[in-house]
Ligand code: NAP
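As structure tokens, one chain now follows by itself in the form predicted alone.
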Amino acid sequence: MNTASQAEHRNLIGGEWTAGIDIAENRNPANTDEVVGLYARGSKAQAAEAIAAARHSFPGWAASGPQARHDLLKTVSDRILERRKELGELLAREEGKTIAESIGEVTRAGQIFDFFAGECLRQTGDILDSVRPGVEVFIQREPVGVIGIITPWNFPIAIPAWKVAPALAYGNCVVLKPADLVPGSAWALAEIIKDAGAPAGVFNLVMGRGSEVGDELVNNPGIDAISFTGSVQTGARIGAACMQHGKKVQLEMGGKNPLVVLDDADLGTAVECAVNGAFYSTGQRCTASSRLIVEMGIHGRFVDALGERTKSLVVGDPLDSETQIGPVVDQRQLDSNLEYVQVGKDEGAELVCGGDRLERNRPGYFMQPALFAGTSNTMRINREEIFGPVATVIEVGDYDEALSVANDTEFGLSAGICTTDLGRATHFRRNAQAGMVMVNLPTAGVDYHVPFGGRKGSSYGPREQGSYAREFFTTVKTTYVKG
């Protein structure tokens, strides 16, 4: 263990680094003998202190003006991008993404802060004539207040960035609770925000368990809104509690995303879309292509080609440039993945390849990506989100059946289609019951300047990212003035 990993990384409350009530070891899922760092765990009381600090700082930050907010966010962006390799290595070590994916995620976080630095200056509003003579109507947006942000482990810097940046840009104060499993990237982001000159209390970081810190954020009356990304079960509880307390709430939850492959699709394009969507980031993406819905004319060739491509994927140390698939994030997730592989077998699905735990020259949570064929949409492996490198193939007779199967799910985050038929692509784009649709592209992988979100059980509340983020992080005021 090096000196850096032995130092306690503390919570940031009211501008001060504050020791927690406990310390958690952040371990490398590719080498569980390695402690990435020691991170404070906060209590309900410390979360309440952070909320109070944010409430105290809110009037000043809300009135700070667009230039001050722009300058802070632009500085944060520049410093993230300057440190992208260092932060990418940290992310790879704590979460398990390949180094290329990790540096890409850090880069995206920097780009998000840069975009919202610009949003500080791209203000919108309306002045209208009233239906009453001599009266003018002013419509403007104001910050909501203090935002509680609860983020997951699978994108440990990008998701905090795409929530924190708009919150600050529109004049809100923030209390961030990152996933207890991967606090390192969020702590590094907090350090950058503090050192960039954020006034004390404007941004607060309280690491710890959801039952302590998360519960306080949801139930404390000092929080005006909650933005959450995580599981469906937790999201449902948070949504119900926010409704009870009158808090604004934004929920991003699960997905069981379809990728439709039609007979006329380019086979190489379809296979690469499936591999990227289903297995990259070790399948640990809410936008992953977990259901591959394939028309019967191309089915056999697609399964054969995808099976060979899946077998060729290199699973190993995420810091090795040759690695294509890193480890699963922890033992609990690995156990869940392997259990679903057994469920698929028990349901009668054909395991084309993979599905085994892999041993490497160090202790880690490595798994060979699994591909099932001969599945039906009623099987558990096609109904429940697995959140690992497991994909299933469902054979269908024609396009109409493919669309029906694609929409037959409680989720509606992302959907994709591989086809060379513009008419079918257009019909699918208009009729897929998903918040995001990809044509000849993986279902996972989105831009930072456009809205992100889904339908049905996948999302609740306004969209995230891009200019659409203002719908959640601001409130509308209408003023009538008689001259």
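The first residue of the sequence shown is number 1, and the count goes up from there. Remember, predicted model here, so these are calculated numbers, not experimental data.
From this point on, the text means the form predicted together with the ligand, which you will not see here.
*Asks:* Picking from 359-367, 76-84, 146-154, 317-325, which part of the chain touches the ligand in the predicted complex when contact means heavy atoms within 4.5 Å?
*Replies:* Going through the listed ranges, the match is 146-154.
*Asks:* Is the ligand in the predicted complex near all of A179, T229 and G255, within 4.5 Å of a heavy atom of each?
*Replies:* Yes: A179, T229 and G255 each sit within 4.5 Å of the ligand in the predicted complex.
*Asks:* Just checking whether G214 would be counted as a contact of the ligand in the predicted complex - the rule being heavy atoms within 4.5 angstroms.
*Replies:* So G214 counts as contacting the ligand.
*Asks:* Residue-level question: is T234 within 4.5 Å of the ligand in the predicted complex, judged on heavy atoms?
*Replies:* Looking in the predicted complex, residue contacts with the ligand include T234, since a heavy atom lies within 4.5 Å.
*Asks:* Classify G171 as contacting or not contacting the ligand in the predicted complex by the rule of any non-hydrogen atom within 4.5 angstroms, answering yes or no.
*Replies:* Close contact is absent here: in the predicted complex, G171 is far from the ligand, nothing within 4.5 Å, heavy atoms only.
*Asks:* Could you tell me if R141 has a non-hydrogen atom within 4.5 Å of the ligand in the predicted complex?
*Replies:* Outside the cut-off, so no.
*Asks:* Give me the residue from G355, G88, G208, G388 that has a heavy atom within 4.5 Å of the ligand in the predicted complex.
*Replies:* Filtering the options by heavy-atom distance leaves G208.
*Asks:* Between the options V271, L403, V218, A188, which residue brings a heavy atom to within 4.5 Å of the ligand in the predicted complex?
*Replies:* Among V271, L403, V218, A188, a heavy atom within 4.5 Å of the ligand in the predicted complex occurs only for V218.
*Asks:* Going through 260-283 from first to last, which residues have a non-hydrogen atom within 4.5 Å of the ligand in the predicted complex?
*Replies:* Counting only heavy atoms within 4.5 Å of the ligand in the predicted complex, no residue of 260-283 makes contact.
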